[in-house]
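Only one chain is included here, represented as C-alpha cells and corresponding to the form predicted alone.
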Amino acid sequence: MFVKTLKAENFRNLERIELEPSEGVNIIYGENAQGKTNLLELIWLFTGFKSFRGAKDSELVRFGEDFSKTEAEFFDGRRVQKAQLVIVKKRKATLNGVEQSSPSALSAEFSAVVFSPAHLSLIKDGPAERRKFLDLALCQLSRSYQSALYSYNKILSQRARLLKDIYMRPSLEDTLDVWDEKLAEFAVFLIDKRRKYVEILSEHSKAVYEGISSGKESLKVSYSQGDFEINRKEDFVKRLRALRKEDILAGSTSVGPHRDDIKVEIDGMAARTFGSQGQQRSAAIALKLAEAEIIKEISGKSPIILLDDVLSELDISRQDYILRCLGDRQTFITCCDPYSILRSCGGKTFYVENGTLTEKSRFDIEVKPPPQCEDREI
C-alpha cells in the first residue's frame, strides 16, 4: 500500500502542507525541531492508533489554533481510499466520507510500521515496552485481538478494585470466582495469539538480524511466561486461585498476559543485559522490519515504513542492507543529512523548515551544504 496525497492543517508545527510522496523512498530532512518527526506522526495516526510519541490528542493541534485537520488518499492494494482525521479535543475519523465509530476503525484499512530512537526501549527497558510492541503489532492484524485485549484490561482493572475491597471486607472473596473465570477466558486467547505471533517474529527477525550483522551474530526471540506456562483456561483459573492470598495483599493480579515478556537473545545471551549499544539498536530494527514482513504475509498489504532519524546512527553497510530490506515498500525516512541515503536509493526528497515542506530535486541537494544537525545518541 502507499499514500498518494497527504494534506494537513494546524497539525503540531505544520501550519498547512500538501504533498504527493513517492511510492518508494521519501527522504524528509532538515535541522532539528523543524517538524520532520511531526510528519511521520501525522502519517502514523491514520493507522487509527495513538501517537507513537505518547502525545494526547489535544497536544497534536498547532499552538494557538482550535482544531487540526489531516487527509490522506491512499491505495490499499485493491482500491484508492480517502481518510480524514479532525482533532478538536479528541480525534474523529472519516473513511471515504463515512464517519467511523472510533479512529481505531482505520486500522483495518491503513497499515504502517514506525521506528524511532524511542523504540530502542524494546531492548533496553523492561517487559512493559515489549508487551506494548506485541499488542500494537497484533492489533493491526486482528480486530478480535483488539477486542479481547480491551476486555481483558477492563476485567483486570475491575478485579484489582475488588482485591482492594476484599482486603478491607474479606466476605467479598467468594465473588472473585466469577471474575477469575472471565479473566481466564480472554487471557488464554491473548497468550495463544501472542505465542504464535512471536514464533513467526523470531523467524523473520533472525533473518534480518543476520543480514544486518553480515552473518556474524544470531538473534533469537521467544515468548516468556515466567516460571509457569499457561495454555488452558483451567490452568489459568487454577493459578489465579493458588495466588489469591498474595493478590489480595498486593491489590493486583500477579499472573497473566499483563506480566509476560519477550526474550530477546543475541548468540544465546540476553540482549538487554549483555548486548552492546550497536547490537541493541540492530536487534530493535530487526524486530520492526520483521513486523512489517509479518503484516504483508498475513494481510497481503505491504505496510508503509516510517523511520525517524535511525539510519544516521548506522555504518554504511548496515544502512545499505536496511534500505535493501525495504524493497518496494513506501518509506518515509527523516534525517539531518540526506547524502548517505541518496547514495543508495532514489525517490523524492523534502526539506522541512519551520513546519513548511519543500520538495527538493537531487541536484538542489547535491549543490547545497547539508543543514547543521546536533549529534543524537540512541
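The first residue of the sequence shown is number 1, and the count goes up from there. All of these numbers come straight from a predicted model, not from anything done at the bench.
There is another form of the same protein, the form predicted together with a small molecule; it is not shown, and what comes next is about it.
Heavy atoms within 4.5 Å of the small molecule in the model of the complex are found in one stretch of 28-36, 43-51, 317-325, 66-74, which is 28-36.
In the model of the complex, no heavy atom of V310 sits within 4.5 Å of the small molecule. The small molecule is not shown here, and in the model of the complex it never comes within 4.5 Å of any heavy atom of T358. Contact annotation: R329 falls outside 4.5 Å of the small molecule in the model of the complex, judged by heavy atom distances. Taking the partner from the other structure, the small molecule in the model of the complex has no heavy atom within 4.5 Å of any heavy atom of I333.
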